[in-house]
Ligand SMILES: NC(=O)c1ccc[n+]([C@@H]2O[C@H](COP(=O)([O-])OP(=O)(O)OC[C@H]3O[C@@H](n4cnc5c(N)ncnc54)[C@H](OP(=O)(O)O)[C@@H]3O)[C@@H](O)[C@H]2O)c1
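Below you'll find only one chain, the form predicted alone, shown as C-alpha cells.
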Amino acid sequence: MKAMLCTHYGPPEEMELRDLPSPVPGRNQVLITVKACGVNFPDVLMLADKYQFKPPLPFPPGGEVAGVVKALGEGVSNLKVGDRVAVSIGNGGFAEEVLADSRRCVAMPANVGFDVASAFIVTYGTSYHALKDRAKLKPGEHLVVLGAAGGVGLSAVEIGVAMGAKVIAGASTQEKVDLAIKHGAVAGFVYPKLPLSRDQQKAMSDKIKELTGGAGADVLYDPVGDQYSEPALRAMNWEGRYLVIGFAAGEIAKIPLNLTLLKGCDVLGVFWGMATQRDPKRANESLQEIMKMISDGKLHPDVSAKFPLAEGGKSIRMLMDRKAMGKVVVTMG
C-alpha cells in the first residue's frame, strides 16, 4: 500500500509518498481500505512537532478516515468484511489502508458519501461535545462562533442551529461570514487581522454585544485564540459559557481573570480527543447521533476541497495558510 509520510518535522511539502506493507489487524481491530481522510488542524501541529500527542517518526498524518472493512482481527463481532465505516484513529489516515479499533467505528448510512463521512468526526464531534456536554446550550440562546468558516467553526454553526440557538458568526473575511450565514447563522461580523489595537479589540466586543441585542454571548465558541480571546470574553453575557477550543491564530491567549468575576461566566476547556478516551461509550453514542443527523439532512458537512494522496501536503498547507473554508479531504484511489 502507499502512504504519505512525515519523515521529519517541517513543512508539509517535504512529506514523502512511500510503499509500505499492508498492516495486519490484531485483537479487536479491523483493516480498512481508506476511501477518504479528513484533514484537521492537529495535523498541522503534528508536522511542526507542536501537538500534545507525538507519534514516532516516520508517520502518516490524518486522524479520521472513511472506508470499507477489508479484514477482521480476533474478537471482532460488531463488523463484517465489506462494511462502510468512519473512524477516528489519531494519525495514520494518509494511507491506502489503516488499522482501527472496531469498537470505535461508526457505521455509514447508504446516503452518506465517503468524503462527508471522513469530514465529521473531529470537527462535528468536537462541536457536539462542546455545545451539548460542556456548554449545555439551550434553545434561544445567543451562540457566537469565532473562526466560523473553518472546519470546527462551521460545524459549531450547524450544530448550534440544530439545537435552536441564535448563531452569530465571526470570521476573517466577509466571504467566510457569508458561508456561515448560508449554513444557518443569523448574522455575522468580520474581525480585523492581527495584531489588534486596543480600539480594534473594543470594536470587536461592541459588535458582538450589538449583534446579541446588547446582552452579549450566552455561549462563545473560540477555536482561534490569540488577541481575539480577550475582546470575545469581554462580550460575554451574565453567566455565559466561554469555550476554549484551540489557538488557530497562533498564540495561546492570556486573559484577565477579573472578567470572569465581573460577568459571573465560566471558561470551559474542550478536549474531544481526551473525552473519547475517558468515556468511549459516550463518544461513540455522540458520533452515531451526529451521523444520523447528517443522514437525515439536519447537518451538512461542507467539503470545500479534495486532494489525491500524492498531493496530501497541499491539503495541510491550505490549513496552515488559513485558506480553508469548511473541510479539506484527501481521497484515495
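Keep in mind the model is a prediction, meaning the values are calculated, not measured. Numbers follow the displayed sequence, beginning with 1.
The protein also exists as the form predicted in complex with the ligand; that form is not presented, and the subsequent description refers to it.
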Next on the checklist: I have F41, A171 and I245 flagged as a candidate spot, so tell me whether each of them has a non-hydrogen atom within 4.5 Å of the ligand in the model of the complex.
Outcome noted: yes
Checklist entry - Using a 4.5 Å heavy atom cut-off, which stretch among 70-78, 121-129, 255-263, 86-94 contacts the ligand in the model of the complex? => result 121-129
Item to check | Contact test in the model of the complex: V219 vs the ligand, heavy atoms, 4.5 Å | outcome: no
Checklist entry - Just to confirm, L17 within 4.5 Å of the ligand in the model of the complex by heavy atoms? => result no
Checklist entry - Would H183 count as a contact of the ligand in the model of the complex, using a 4.5 angstroms cut-off between non-hydrogen atoms? => result no
Next on the checklist: Can you tell me whether R322 touches the ligand? I mean in the model of the complex, with a 4.5 angstroms heavy atom cut-off.
Outcome noted: yes
Item to check | Contact residue in the model of the complex, from L299, L287, M46, V270 (heavy atom within 4.5 Å of the ligand) | outcome: V270
Checklist outcome for this item: Assert contact residue (the ligand, in the model of the complex, non-hydrogen atom within 4.5 Å, options L137, M108, M204, A249) equals A249
